[in-house]
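Just one chain is shown here, as structure tokens, and it is the form predicted on its own.
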Amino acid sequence: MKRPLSVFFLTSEVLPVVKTGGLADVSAALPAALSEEFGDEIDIRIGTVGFKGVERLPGFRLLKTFITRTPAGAMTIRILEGRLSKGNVPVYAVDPEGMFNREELYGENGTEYPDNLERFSAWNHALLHLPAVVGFFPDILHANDWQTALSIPLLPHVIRPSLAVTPMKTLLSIHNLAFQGVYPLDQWHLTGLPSSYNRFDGLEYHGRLSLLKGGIQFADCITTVSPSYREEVLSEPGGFGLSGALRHRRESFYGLLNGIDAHEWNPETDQYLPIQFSRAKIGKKSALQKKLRQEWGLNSRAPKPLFGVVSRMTHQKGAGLLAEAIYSMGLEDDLREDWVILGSGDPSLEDLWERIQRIFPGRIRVKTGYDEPLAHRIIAASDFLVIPSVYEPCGLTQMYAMRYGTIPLVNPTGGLRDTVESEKTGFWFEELTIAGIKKGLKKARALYHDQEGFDSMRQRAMAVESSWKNRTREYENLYRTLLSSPHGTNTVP
């Protein structure tokens, strides 16, 4: 029998504590799936932010309060403990003196909070003290994205618990390389790191400091969220300036495809759907769509495909290109489908979508903001889900869509290429331009009116296995490999 291993999974987002994007979904689903699949063989626990209102979440309670030094001075740290609803995984929400008691997690109105380096540094320091405070001595520290990347170079400089026989191994998962935690060098003191780390092979980054680069430089191994995205970021512009650092760590850099929570995203049991359905009872999907069309004010008499979008409204997601393509089709009197769009992000893009809704009333419905129940209903009811991302590390909505018999139209980049098989389980845009998007939409429209072909593709899409069940074995294997590897292959200054 394999010896049990323990993992401290650090993330700034996890459902139900806080969510701004797919990181929260992955941070809940992966630990839960590992716990469910391997039971007592893996003790995995999550460290996250003590976001506003966490103490009011069902099952969360104040576990400990302690005082520790941080670069911002001595702080009182609260630890609130809860559990994931699935897998019974402990979640420690760490609150350094209310630093995350704000309206948003990272910033407001498209602007980052000016004290983010101070906030996230203090939180990382507190996280590294947490194992000693709660009596948990992990084998592996699994950090995610720039928000927790600082914990990796910081680890040797935080007093370790006396019961920890061997140093922790470290793993950094990159979910989106575009976000790197870059700050001015005159804020270096807020990291708590010695000045010896302020150099090219440390955190220094074009005259600034990058928290993500520090994690890349000093982690024992690095992962990203799809094989294709791994290849894309090893060169520019996909690497966003860090391709050289990643090529330097190429032998310890892996692309592991994300999965989806098959319990949460299941058309047979989805709590947010007024009518549930299955692959064997796909006819109920039509009844669901009819009901929701009426609720959304899309009362077309003639049969029309329903296109859905559930996305952040940003350049990365292709939100502007898609809006312009739809507007162009409308002007050409070629808008022969209905649309329902959910998203938020760039205020100018939100305004653009709102204007298009006003220009084409009754054919386009737009809801700006975050609405989890509505996201489920759009993905379940739509015939097609459109994902024209400029780049996409993995993406989850295309996998949700296929599970619900909703055919994805994607730009074949990153995880979209790895999960959608063109002409079999979805469509690839031939080019990411207004003309290319319009051509793809017309191809989907033609399939919709080919009942046999449409039903066949829908059945193939629903048959795709995208749950975390198979993906967890890749992580377990990597954890085991990491645990058995010699320590110190990537030394610190």
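On a predicted model such as this, the values are computed, not experimentally measured, just so you know. Numbering starts at 1 and follows the sequence shown.
The discussion below concerns the form predicted in complex with ligand ADP, not included here.
Not one of I79, D95 and F137 comes within 4.5 Å of ligand ADP in the model of the complex, counting any heavy atom. Proximity of R312 to ligand ADP in the model of the complex: non-hydrogen atoms within 4.5 Å are present. Among residues of the shown chain, D25 is one whose heavy atoms approach ligand ADP to within 4.5 Å in the model of the complex. In the model of the complex, ligand ADP sits within 4.5 Å of a heavy atom belonging to Y370. Shown alone here, P305 lies farther than 4.5 Å from ligand ADP in the model of the complex, counting heavy atoms only. None of Q316, S300, S243, S85 but one reaches within 4.5 angstroms of ligand ADP in the model of the complex through a heavy atom, and that residue is Q316. Of the candidates T406, T191, T148, T397, T397 is the one whose heavy atoms come within 4.5 Å of ligand ADP in the model of the complex; the others do not.
Picking from 276 to 284, 200 to 208, 370 to 378, 352 to 360 the stretch near ligand ADP in the model of the complex, with a 4.5 Å limit on heavy atoms, gives 370 to 378. Of all the residues from 273 to 304, none has a non-hydrogen atom no more than 4.5 Å from ligand ADP in the model of the complex.
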